[in-house]
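Given next are two forms of a protein chain, the same chain in both, each as structure tokens and marked structure 1 or structure 2.
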Structure 1
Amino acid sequence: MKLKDSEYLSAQAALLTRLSDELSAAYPYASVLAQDSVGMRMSVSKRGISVSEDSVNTKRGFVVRVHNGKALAEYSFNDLNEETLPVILKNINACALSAAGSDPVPEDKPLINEYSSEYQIDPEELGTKAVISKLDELRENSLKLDERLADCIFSFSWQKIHKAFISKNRRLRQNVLWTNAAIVMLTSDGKDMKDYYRPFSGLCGAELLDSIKDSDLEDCARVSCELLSSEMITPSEYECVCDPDVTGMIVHEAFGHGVEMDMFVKDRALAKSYVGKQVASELVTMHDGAAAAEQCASYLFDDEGTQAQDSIVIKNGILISGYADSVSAARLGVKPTGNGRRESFERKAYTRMTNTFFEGGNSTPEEMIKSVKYGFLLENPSSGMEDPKNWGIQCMVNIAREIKDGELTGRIFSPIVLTGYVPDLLKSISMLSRDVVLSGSGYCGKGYKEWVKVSDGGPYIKAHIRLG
């Protein structure tokens, strides 16, 4: 089934058109982005049961962008009706009046389109009772698996994101439903807790819950108990095999942020001077785009009304291009790529990643492990931080499994910090597995704010990485 339009946005359509028309008559450029997002988060754990809407994602409101002939200005608001319209116009004009600069007027080529993502089970119709029963059942089954488990936390969230974009020449609508689920299992050594996390995500409905299998529960229980005997690693550079989640973190954090082209505009990205040059092993081809994959960051148009695309960022190790929001693209003289994203209508649009991943290769994970003399299999990423200016790496992973003479020894090390220089790591990639896996369970920040839904991933990769 296709997700239906927002009734609220449909009811506001005439007023939005009037607002857009009035602004388009007064300014060289004007657009309105309308957002109506609803969703729920549910979890069961030792803490009990929690059910609530998510204050970051659940939003209803509007942002107007105008160009006053010199520069852009924006006004975000969420009380739109016949009575408030004059005040809204006054506030937009006040903000636009003081905006200074020398930006080109944004392009507004005609574009009319609409999109709705598909699902099998509407989580709203499925209801809280069914979801909580399912999560409860999974938790009860998990707790029986090992008495050392201190807790098993199961969560499920869904978000229906309805957006409309209106300018003089553009009329766009989209309705996107994504769902996330997660298993977190905790064990304790008496002093501190160890945790293991397995995410599930999709551009889909509540059918995602059916993808959680008994084997997932067994794996999570086993690994979280293994962590009780984890050791601190001896810092050094090692041959490493990264699972698709760790590959995703390297793609996203280590490299992806560095080719967000608003960073090019600010002279904050080393990648700017590497376009057309080798930045990775020739085995590596990297994509980003809301149209590059079907995952949680898929959409028809971005928050500036630019249609999504599939951008090839690295082709056979050569940096082809970054991705850009429309303002950065205009300043750089390139085409926008549909990557202008806002945390919500309340925030500014920046160049942001969407679905970001490496293409697969020709090896199997087993062959990759077999090829390691001494090193580690890295699993379960926890966080990462970008450094576009200097291409330094900081990625944290939960698990490094020791490999000796091509075999996993059973020793595990945790937690692990990956450091080093991005091109060194990417150029050292010597094997990639065939299958590509994307995970859309996470959010991406710009610095420490501006959270947007993204997915990332790729195949297993083998590379030399400094671990600490």
Structure 2
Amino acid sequence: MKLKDSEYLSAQAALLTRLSDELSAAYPYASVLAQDSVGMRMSVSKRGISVSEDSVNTKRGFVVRVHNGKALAEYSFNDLNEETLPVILKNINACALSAAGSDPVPEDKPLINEYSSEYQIDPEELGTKAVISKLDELRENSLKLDERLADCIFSFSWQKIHKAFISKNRRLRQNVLWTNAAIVMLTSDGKDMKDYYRPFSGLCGAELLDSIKDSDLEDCARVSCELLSSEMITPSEYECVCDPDVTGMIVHEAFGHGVEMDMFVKDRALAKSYVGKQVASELVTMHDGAAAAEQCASYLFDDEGTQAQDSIVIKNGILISGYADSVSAARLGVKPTGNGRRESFERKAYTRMTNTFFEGGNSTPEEMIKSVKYGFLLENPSSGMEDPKNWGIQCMVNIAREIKDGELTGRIFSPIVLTGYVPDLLKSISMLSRDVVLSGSGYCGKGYKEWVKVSDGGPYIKAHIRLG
């Protein structure tokens, strides 16, 4: 089934068109973005049941952007009707009058399109009670697997995103449903406590819960108990094989933020001076784009009315370009890439990642492990950060499995800090697996705020990485 249009936005369609027409008659450019989004989070644990509305993602309102002939101005509001329309127009005109600066007039080529993602089970119709019952069943089954399990936390979240974009020449509409689930297992031997996290995500409905199999529970319990015997690693540079989740973190943190082109405008990204130059191994090709894959960060158009794309960031090791919102693109003299994203209608649009990943190669994970004289298989990333201006990276990984003479020895090291200079790490990539896997379980902030949904991933990769 396809996600239906928002009844609220459909009811406002005539007023939105009228607002857009009046503004387009008065200004060189005018657009209206309408949002009606709702999201829920649920979890079960030893502490009990938690159910809450997703405060970041539950929003209903509008943002208008106009160009006064010199600069852009924006005005957001959440109460649109016949009585408020004159006041809204008055406030928009006041904002436009006070806007100063020098902004190019945004492009407004004709475009009419719509998109609705597909699902099998509507989580909203399924209801909280049924979801909690499923989560509780998974938790109870997991706790029976090993006596060292101190707790098993199961969570599920969903979001329905309804948006419409109207300008003089554009009429766009999209309805997107994504879901996330996660398992967190806590183990204890009486002295130490360890935790292991496994996410699930998709551009789908509550059927995502059915993708969690008994084998997933058994594997999570096994790994979480293995961590009780983990050791501290000796800091050094090692040959490493990264699973797709760790690859995704490297793609996102090592290079993703560094090619957000609003940072080019502000001269806060070293990548700006490396366009057309080698920044990675010749084996590496990197993509970003809401149209580049089907995951939680997929959509038809961004929050500036630019159609989603599949941008090639790195091609055979050469930095081709970054990705950009429309304002940054205009200031840099390039085309926008469909990456202008807002946390909500109340917030500014920034250049943001969407689905970010490396292409696959020609190897298998088994071949990659066999090629390692001494090193580690890295799994289960937890967090990361980068410095786009100096190309430093620091990430946390939960598991490093020792490899000796091409074989896994069974020894586990945890926790792991992955650090280094981004080009050195990317240029050292010598093997990539064929299969590419993306995960959309996380959010990305612009600095410490402005949260949007992203996905990242890629194949298994082999590289030289500094661990500590």
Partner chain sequence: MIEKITDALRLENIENWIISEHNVHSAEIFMIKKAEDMRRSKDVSSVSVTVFNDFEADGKKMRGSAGIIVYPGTEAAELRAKLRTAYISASYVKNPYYELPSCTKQALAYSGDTRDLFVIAEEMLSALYEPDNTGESFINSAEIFASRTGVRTLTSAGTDVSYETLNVKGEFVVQCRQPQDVETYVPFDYSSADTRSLSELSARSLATVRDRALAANAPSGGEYDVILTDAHVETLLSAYLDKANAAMVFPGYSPYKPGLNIHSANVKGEKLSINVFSREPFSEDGIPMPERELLKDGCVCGIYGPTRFCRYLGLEPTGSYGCMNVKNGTAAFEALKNRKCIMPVVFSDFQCDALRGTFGGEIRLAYCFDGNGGVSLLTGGSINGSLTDKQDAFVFSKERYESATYSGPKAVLIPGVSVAGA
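One-based numbering along structure 1's sequence throughout. Take the two forms, find the largest set of C-alpha atoms that superpose within 1.5 Å, and that set is the rigid core. If you're wondering where the values come from, they're calculated on a predicted model, not measured in any experiment.
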{"property": "Chain form predicted in complex with the partner chain, by structure number", "result": "1"}
{"property": "C-alpha of E83 off by 2 Å or more between structures 1 and 2 on rigid core", "result": "yes"}
{"property": "Rigid-core frame, C-alpha of S211, shift of 2 angstroms or more between structures 1 and 2", "result": "no"}
{"property": "Core-superposed comparison between structures 1 and 2, A96 Cα displacement 2 Å or beyond", "result": "yes"}
